[in-house]
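Only one chain comes next, encoded as structure tokens, the form predicted alone.
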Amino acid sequence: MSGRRFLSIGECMVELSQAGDGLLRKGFAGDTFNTAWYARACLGPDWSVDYFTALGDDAMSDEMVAFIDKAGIGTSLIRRVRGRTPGLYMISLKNGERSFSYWRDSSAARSLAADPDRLREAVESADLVYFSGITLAILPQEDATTLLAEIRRAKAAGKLVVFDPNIRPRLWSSYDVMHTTISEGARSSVLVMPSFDDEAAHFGDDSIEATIHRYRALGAANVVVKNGADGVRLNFAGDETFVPAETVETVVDTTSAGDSFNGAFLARYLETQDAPAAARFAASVAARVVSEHGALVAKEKLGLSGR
């Protein structure tokens, strides 16, 4: 395997979903892990994909590591913390609408940046570093500062640093902390991949152009703004392109729409350096993902079996 490495940093959680007759189905998912999953599905064998997080020393953590490894995603960088466990969330359905309940306050992933040397080793080993607003939100402030310092070192070293703000206000202690830390995440990145509905709701952007301008003003050279069924607007070094979303006959589950787009986009962009083509490819992958149940759709159902 070559030395080219895609590193995704964040939290993978235990997922419980309704299985009928009062039973629950167990799975594993989380925004940055989902993106790593789709990047692995779409990248060729000359790229490795690794996940950096912290897990416990319990049986569920062992099972999660085995699941990640089976997906072809590297686990050697995962930090194991004695006495801790993974976070958990449950999906509830009512009249076809999904709602989520979370148990993550004592998640092992909250300490993923608590070992600065291990974090630096992981980041230095990567060619692309991907993280999100959720990655930052779950960390104690001191550890978020540590992570951002390593991310800035990676950017200065010429690595492709990619950030999805993925704004979740309930994870933050205040709006001020959220705004400041997400802005620092963007400032530390080369490419920012926000969702416009989040930016409009929580930063007050009245247009996609305003979102692009704000993130470029913070120092991100490139911005890809996802806008659901209304497509994607790209600004790479000042050149703007619009890519429409693919028409989906029946939307089944939008849980991983943005995460799958990000993973597919980055995979194709790494191989071609053609951002509009990468966005068109990612739109096709995301369309297949929202047509299936669950956050993680098998590679075979993405039409990628020949990859």
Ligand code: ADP
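Numbering starts at 1 and runs along the sequence shown. Because the structure is predicted, anything quoted here is derived from the model rather than measured.
A second form of this protein, the form predicted together with this ligand, is not displayed here; the remarks below concern that form.
Partner proximity in the predicted complex, defined as non-hydrogen atoms within 4.5 angstroms of this ligand, places exactly one of 30-38, 242-250, 59-67, 270-278 at the interface: 242-250.
For the options 232, 151, 191, 108, the residue carrying a heavy atom within 4.5 angstroms of this ligand in the predicted complex is 232. Contact annotation: residue 9 falls outside 4.5 Å of this ligand in the predicted complex, judged by heavy atom distances. In the predicted complex, no heavy atom of residue 116 sits within 4.5 Å of this ligand. Though the partner is left out of this view, residue 195 does reach within 4.5 Å of this ligand in the predicted complex, counting heavy atoms only.
Proximity of residue 72 to this ligand in the predicted complex: non-hydrogen atoms within 4.5 Å are absent; the residue sits far from the partner. Along 7-38, a non-hydrogen atom within 4.5 Å of this ligand in the predicted complex is carried by no residue at all.
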